[in-house]
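The chain below stands alone, shown as C-alpha cells; this is the form predicted alone.
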C-alpha cells in the first residue's frame, strides 16, 4: 500500500514508538500518581518525561503546562468551553476544521456565546494573503471579544495562517489566542511564548508520530479555564471540587498512559529528524504537484506548496468526479488518500469545493519518490 494519508494519521510509526507502546504495556502498567509502589512511581516518571518532551518542543517552559487529552478536538473543547461564558465573543477563521466550528456553533446556539467568521478576502498565493487575514480578524474584534480560535494550517488545502501575527494582534487587544495545530505540530516551528499562543491544541497521531487516542492542551494560562469534566485526579481526593492546577484540572480519570509515553518517543523522533522530515515531505508533494499540474484532467486549487505558505498537503480533483470517488478508486489500487469534505465545511465553502469535495494527499516521513511515481501512474489508470 502507498500511504498518502498522513494528515489524518501518520503511518507507519517510528520503531521507537512501537517499542515504547510495548514497554509501556509490559513495564508501566500501573496507574500514574495513584500509588506509592515502584511500578506506579516508574509509570509516573515516564509520563512526566513525556510532558517534559512536549513542553520543551513547544516552548512552554515547564512540564505541568502539558495536559494530556484524548485528542486535539478534546483539547479545543476544553479551551472553548472552559474559557467562554454567555455574552463572550470569539473570532474564528474561514478555514477552520469542524473541531472549532462545531463547538463554537453549539455554544452560540445553546450557551449565549457569540462568534464571527473572519472572512479573508484573499486566497492562497495572493501577495496580501497574510495581511488580509490579519485585517479580517482586526475588523471582527468587538468590545466583548475574548478569544481568537485559529487553525494554524488548513487540513484541506495546506494553507498556513499567520499565527504569530494574529497572536500579536490578540495580545495588543487583550484577547486570548488559541491555535489548532493539528496539521503543524511536528512540521512547523511552534513556540507558544514567542508566538503569543495562550492555548495550543495538538494531536499525537499526526505529525508527532504517536498513537491514536492521545493529544495535548499546552498552556501557561490554565488558571483562566474552568474544567468541563470532573473526576478522580489522584490529588486532593477528599475535596469535592476538581483541583484547580495543571495538569490535574484537565486529566480526570486515568489517562492514556501508553499513548502518552509513546507520544514522548514520537516527539523525540521528530526533534532528532525534523530537517529530514520537512525536506522529504515538501520534495515529494512538490514533485506530485508539478506532475498533476501538467495533466489537463486534474483540477488544482492552490499553487505549488511552499514552505513559507503551506504545509505538505495537496487537494485535487479529476474533472467531473467527486473527491470521494477518486479516493475510493485509488484505494482499490492500493493507494491510501482522503476523499470528501475532511470535516472542514468552511474551507470547502471558501474554495468552492463544497459540492465535489476533494481528494487529498499528504506524505510523511516514511514515504519516498518511488511511491510518488507509482501514485501518478495509478491515478492515470482511473480516468
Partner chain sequence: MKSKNERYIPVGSITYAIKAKKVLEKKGIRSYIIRDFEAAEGYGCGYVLKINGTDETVESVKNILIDEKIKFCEECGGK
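Numbering follows the first chain given and starts at 1. Note that the coordinates shown come from a computational prediction; the quantities given were computed from them, not determined experimentally.
Absent from the display: the form predicted together with its partner chain. The rest refers to it.
- No residue in the set 188, 290 and 307 has a non-hydrogen atom no more than 4.5 Å from its partner chain in the model of the complex.
- Site annotation in the model of the complex: the residue of 327, 317, 44, 353 reaching within 4.5 Å of its partner chain with a heavy atom is 44.
- Here is the short version: of 284, 246, 299, 117, the single residue with a heavy atom within 4.5 Å of its partner chain in the model of the complex is 246.
- Residues with any non-hydrogen atom within 4.5 angstroms of its partner chain in the model of the complex fall in just one of 163 to 171, 234 to 242, 130 to 138, 86 to 94: 234 to 242.
- Proximity of residue 342 to its partner chain in the model of the complex falls outside the 4.5 Å heavy atom cutoff.
- Within 4.5 Å of some heavy atom of its partner chain in the model of the complex lies at least one heavy atom of residue 33.
- Taking the partner from elsewhere, residue 40 is found to have a heavy atom lying within 4.5 Å of its partner chain in the model of the complex.
- The closest non-hydrogen atom of residue 338 lies beyond 4.5 Å of its partner chain in the model of the complex.
- Although its partner chain is not shown here, in the model of the complex the stretch 55 to 90 places heavy atoms of 62, 64 within 4.5 Å of it, in sequence order.
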